[in-house]
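Here we start with a single chain on its own, the form predicted on its own, put down as structure tokens.
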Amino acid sequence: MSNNFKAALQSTLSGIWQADTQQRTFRQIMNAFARPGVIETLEGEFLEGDGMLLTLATLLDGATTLADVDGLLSEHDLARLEVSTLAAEQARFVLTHGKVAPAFMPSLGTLESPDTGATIILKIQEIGSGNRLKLTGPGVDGACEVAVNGLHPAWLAAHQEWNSAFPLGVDMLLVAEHQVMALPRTTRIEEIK
């Protein structure tokens, strides 16, 4: 085994899978949900693409279900996450590419348990440049503008449709490399032309 591979493996194991890293990441993700439009940069030294895996390792456990719609995870990563897999229509967490229009109807929860609505994790190219969005709603001071690159416009329409019967709906988390930004079900999104 080469020294570079050993160093990369150690970096991944000592970073993503450590409790203190996941606790710090959890606080960042919760801050992103509390303050829609705020871009959180995940801390630590990770390999390319590990921001998504760190996000999943932080949010998932053996009691949760995941749909990996576009096969973004390797079988090895799925095994390390120890998560059960289901179809996108039934899973509590759905992982997919943001550049492709949604082709499924996620769980929106029930009136008795709206918290069972899915959390959709969208892998996008970049946060901070690209198409501009105006966000309003709880947690946003008046309105804020953000830019995202790699998010198909159909996701904005789906967000509005799926969350039209509040408190039913879905929450979305955009992940680009080591950055995350949340679009909770209470956030209203308008594309700026």
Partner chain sequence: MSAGYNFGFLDEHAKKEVRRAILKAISIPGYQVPYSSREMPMGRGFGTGGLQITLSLIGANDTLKVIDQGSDDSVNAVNLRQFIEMTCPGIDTTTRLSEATLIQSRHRIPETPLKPEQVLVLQVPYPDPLVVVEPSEDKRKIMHGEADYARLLVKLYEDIVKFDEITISHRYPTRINDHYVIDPSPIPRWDVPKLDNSPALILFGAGREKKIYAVPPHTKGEPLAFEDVPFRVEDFRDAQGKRRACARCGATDTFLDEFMNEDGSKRYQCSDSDYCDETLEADMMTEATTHA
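Keep in mind that what you see is a predicted model, and the values were worked out from it rather than measured. Numbering follows the first chain given and starts at 1.
There is also a form predicted in complex with its partner chain; it is not shown, and the following applies to it.
Engineer: Using heavy atoms only and a 4.5 Å cut-off, determine which of A147, C144, M30, A154 is in contact with its partner chain in the predicted bound form.
Structural biologist: Of the candidates A147, C144, M30, A154, M30 is the one lying within 4.5 Å of its partner chain in the predicted bound form.
Engineer: With its partner chain left out of view, choose which of S74, Q90, T85, S113 has a non-hydrogen atom within 4.5 angstroms of it in the predicted bound form.
Structural biologist: Selected residue: S113.
Engineer: How about V140: is it within 4.5 Å of its partner chain in the predicted bound form, going by heavy atoms?
Structural biologist: Judged by the heavy-atom cut-off of 4.5 Å, V140 is in contact with its partner chain in the predicted bound form.
Engineer: How about T96 - does it come within 4.5 Å of its partner chain in the predicted bound form, if we only consider non-hydrogen atoms?
Structural biologist: Close contact is absent here: in the predicted bound form, T96 is far from its partner chain, nothing within 4.5 Å, heavy atoms only.
Engineer: Please run the contact check for D171 against its partner chain in the predicted bound form: heavy atoms, 4.5 angstroms, yes or no?
Structural biologist: Yes, D171 sits close enough to its partner chain in the predicted bound form that at least one of its heavy atoms falls within 4.5 Å.
Engineer: Do G117 and its partner chain come within 4.5 Å of each other in the predicted bound form, heavy atoms counted?
Structural biologist: Yes - in the predicted bound form, heavy atoms of G117 and its partner chain come within 4.5 Å of each other.
Engineer: Only one of these stretches, 33-41, 124-132, 154-162, 66-74, has heavy atoms within 4.5 Å of its partner chain in the predicted bound form; which one is it?
Structural biologist: Only one stretch passes the 4.5 Å heavy-atom test: 33-41.
Engineer: Note that its partner chain is not shown here; using its position in the predicted bound form, name the residues of 150-167 with a heavy atom within 4.5 Å of it, in sequence order.
Structural biologist: The stretch touches the partner through F166, P167.
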